[in-house]
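Single chain ahead, written as structure tokens, the form predicted alone.
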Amino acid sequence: MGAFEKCSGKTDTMNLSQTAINCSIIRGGTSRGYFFREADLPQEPQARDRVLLSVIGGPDALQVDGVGGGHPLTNKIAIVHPSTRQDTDVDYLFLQVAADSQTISAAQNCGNILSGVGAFAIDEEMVVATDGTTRIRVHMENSGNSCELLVPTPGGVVEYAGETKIDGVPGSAAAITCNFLDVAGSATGALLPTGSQKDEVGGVVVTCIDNGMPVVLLKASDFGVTGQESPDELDTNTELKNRLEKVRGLIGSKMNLGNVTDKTVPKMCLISEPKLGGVVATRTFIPHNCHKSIGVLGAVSVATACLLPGSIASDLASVPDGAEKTMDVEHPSGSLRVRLVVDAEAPPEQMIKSAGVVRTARILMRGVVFVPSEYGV
């Protein structure tokens, strides 16, 4: 907990063939990420990406020559720096690494990794913590949207221990509230990127939604599955994955995303009737592997679709009454709770007034990570 002794950006105690870079490993929500100060990385994007690909490792499924975990949920990077904006405290760039293809994408936000940004900013002295709870406004560079994080800081120190449990993570930790501000159309420019609640593509009816994450909702039954299968079962279903990728390729341009062949968005989400008392059951492909749970902003988009009359989710979902709705989106590891404030009288594109989730985060390591000096850091 709290501040740790800082490490220098480079060290002369190692062989000159390697360069050391400050890095923190933080578990944010149901993901694990590598957090960097922007100043510690090359400023030129291509040089920066070469360094980060070396950090993660690949092309190699085991990522034995890097620190990656061999899965999209553990191949995530956050780059943070103090904001120059008047209305935000820090800027946060999220990068998703596909180590097998040696590519890095900034096409999406990540709400799970976002939940660790506040603690990182405080521990790195970018933000001064207050006694009790520290409010940190984060500018999400990927989409230009903002999020307010409420980070527990008793005595002005980040508190990681607590009693809050989230499905997909063992144990418990301190609650971090993420209040998303104006995230509709984050990557596509509109809550309904195609302009419709339903579209027919590749022989199936889908709903395309972007309330923080571009997601294509599809009924599991239209693909010959129940939607209750395990991620491992779905990942070995080659016919299913080929059909999903065909639909993804066809719908991408209609969602203002262009050719999505080498992109990490949109996410493909199979939905079915809830079994655990939630609003809807999900199995999400991100975009080619089935998520062990569900992404934060992906869950916000799914919950939003459940409220839209005419969407494919509306006749499956069990939606609570009231203007303030607490909605549990079911996933393979349990459920993720989304809180939405809605105006039922407003047009579909304007009905969601605010969206929030509760996450947890824990710092796992702070130190330096080494890359070959040929990268010129």
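Everything numeric here is computed off the predicted structure, so don't read it as measured data. Start at 1 and count along the sequence shown; that's the residue number.
Separately, the form predicted in complex with a small molecule exists; it is not shown, and the next lines address it.
- The contact residue chosen from Gln108, Thr304, Thr207, Asn75 relative to the small molecule in the predicted bound form is Gln108, the criterion being a non-hydrogen atom within 4.5 angstroms.
- Only one of Leu257, Val169, Ile286, Ala184 lies close to the small molecule in the predicted bound form, with a heavy atom inside 4.5 Å, and it is Ile286.
- Using a 4.5 angstroms threshold between heavy atoms, Ile294 counts as touching the small molecule in the predicted bound form.
- Put simply, Lys267 is close to the small molecule in the predicted bound form: some heavy atom of it is within 4.5 Å.
- Heavy atoms of Thr30 reach within 4.5 Å of the small molecule in the predicted bound form, making it an interface residue.
- Taking the partner from the other structure, the small molecule in the predicted bound form has no heavy atom within 4.5 Å of any heavy atom of Gly118.
- Residues within 4.5 angstroms of the small molecule in the predicted bound form, judged by any non-hydrogen atom, belong to 296-304 and to none of the other stretches in 243-251, 144-152, 186-194, 296-304.
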